[in-house]
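Shown next as C-alpha cells: one chain only, the form predicted alone.
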Amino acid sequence: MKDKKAINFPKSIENFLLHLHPIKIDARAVKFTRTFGLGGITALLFIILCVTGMVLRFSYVPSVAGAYDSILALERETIFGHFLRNLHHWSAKLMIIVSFLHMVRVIYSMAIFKKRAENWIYGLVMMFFVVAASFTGYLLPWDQLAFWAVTVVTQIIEYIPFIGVPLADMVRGSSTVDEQTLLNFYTLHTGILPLLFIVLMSMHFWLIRKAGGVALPKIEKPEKVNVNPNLIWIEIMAAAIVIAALFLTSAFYHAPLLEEANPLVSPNPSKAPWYFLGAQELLLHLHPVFGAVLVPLAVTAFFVYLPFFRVKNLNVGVWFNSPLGKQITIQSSIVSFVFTFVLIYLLDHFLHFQLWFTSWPMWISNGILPFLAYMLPMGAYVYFWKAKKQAENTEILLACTSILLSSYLSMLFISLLLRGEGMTLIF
C-alpha cells in the first residue's frame, strides 16, 4: 500500500494522536470493514455528549419544581436550545447502539481471548456505565415518559429477593421516585459517571496499544503503513459523517417530551427505557426469582467468563473463527430470534402453566417450566451442532453468544412494538 501525503497537524495534536496510535501499523488494520470504526465512534459520541451536556447544564434546574419548566424554556427561549437537546438525546441513543455493536464486533472477530481478555472486562464495565449514564439522564426532563420509565425499572429491582427493596430505595434515594431521585440521577449523570468513563476509556485505549492494536490474523511479514494519513484520514471522514448525520437528525427529529410528570396518573402501558424492554418482557413470563435474578446473573457470568473458556483452533482476528463458525452464528441468531418470538406467543395464548398446575409452587409453574420450555429446545439445538456437525468449543461459544443476544433482541422488539394497553400482545 502506497502512503498518501501526511496531514499536517499542530504539534500538540500530533503528539496526542501518537498516544492513541503508533507511528506505523499493519496495513490490514486500515481497512474500514475490519472494525467499522465502532470504538472511535463511541469515543466521539462521548465527546459530543460531554460538550452538549455542559451547555445544557446552564439551563437545567435539577428540582421537581423547576426541571420540566427549564426544559420548556430551553426549547422555546434559548437560541439553538431545542437543537442542542435533540443532539444530546440522539447521541445518547446512538452511543448505546454503537457500544453494543462494538462489543459484538470484538466477540465475532475473536478479539477477546488471551492477552485481550482483561480489556474485554473493562469493555463490559464501560458498557454498564454507558447504559447507567443513559438511564440516569432519562429522568432529567421530568415528564410522564421519564418518570414512569424509571419507576418501572426501580420496581423491577424490587423483585430481587431479600435485597431488592433496599437496593431500589438506594437507587431512588427514597421509597418512591421523587426529588431526591432526580438530584441523585443528576449528580451521577453530570459528574460521577462521565469521570469514571474517562478513566476506563483511557485504560481501554492503553490496553489496546499494549495488545498490539486491532486483532489481526498472524502472518510472517505484515506490510506496515504510516498512521498519518492512512488511518487518520479514515477516522476524520468517519467522524465527519457521524457528526453530519447527527446534525441532520437533530434538526428534523425532536427528542420526546410529554406532559409534566404526574405520580397520580400512570400511562397504559408503562414501559421501561427502550434498552431495558427485553428485561421487562422477560418478567412477564418468568417468576421474579428467575427473571430478575437467576437469568440476569447467569447471562452476566457467561459474558464475563467468555474470554476464559477453553477454546480450540482459535483464529484471532478471523471473523467467526472459521466458515463453520460463520454458519453456526448466522443460523443460531435466526433460530433464536424466531423461537423466542414463537415461545412468547405460545406463553401468552396457549401455555398457561400457572392455570394447569395451580397446586404447584409459583417458582415451579411460573419459573422452572417456562425456563425449561426455552432451555431444552435451545440446548438440543446446540447439542446438534456439537454432536452431529462436530463443532469445536469455539464455534459452540459463538452459538451460545448468538442465542443469548438474539433472544434479547427478540424480546426487546416484541416489548417495543407489539405490547399495547395492559402489556397485551398486539399485531
Ligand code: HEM
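For every residue, the number given is its place in the sequence shown, counted from 1. Computed from a predicted model, the values in this text were never measured in an experiment.
In what follows, reference is made to the form predicted in complex with this ligand, a form of this protein that is not presented.
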Checklist entry - Looking at 242, 227, 156, 111, which has any heavy atom no more than 4.5 Å from this ligand in the predicted bound form? => result 111
Item to check | Single option in 351, 295, 324, 214 placed near this ligand in the predicted bound form, where near means a heavy atom within 4.5 Å | outcome: 214
Item to check | Contact check for 271, 347 and 367 against this ligand in the predicted bound form, heavy atom at 4.5 Å | outcome: no
Next on the checklist: If we define contact as a non-hydrogen atom of the residue within 4.5 angstroms of the partner, is residue 378 a contact of this ligand in the predicted bound form?
Outcome noted: no
Next on the checklist: When the contact criterion is heavy atoms within 4.5 Å, does residue 116 count as touching this ligand in the predicted bound form?
Outcome noted: yes
Item to check | Contact of residue 46 with this ligand in the predicted bound form (heavy atom, 4.5 Å) | outcome: yes
Checklist entry - Looking at the partner-bound form in the predicted bound form, is residue 50 within 4.5 Å of this ligand by any heavy atom? => result yes
Item to check | Candidate stretches 169 to 177, 331 to 339, 85 to 93, 287 to 295, one within 4.5 Å of this ligand in the predicted bound form by heavy atom | outcome: 85 to 93
Item to check | Sequence-ordered residues of 123 to 151 touching this ligand in the predicted bound form, heavy atom within 4.5 Å | outcome: 123, 124, 126, 127, 130, 133, 134, 137, 138, 140, 141
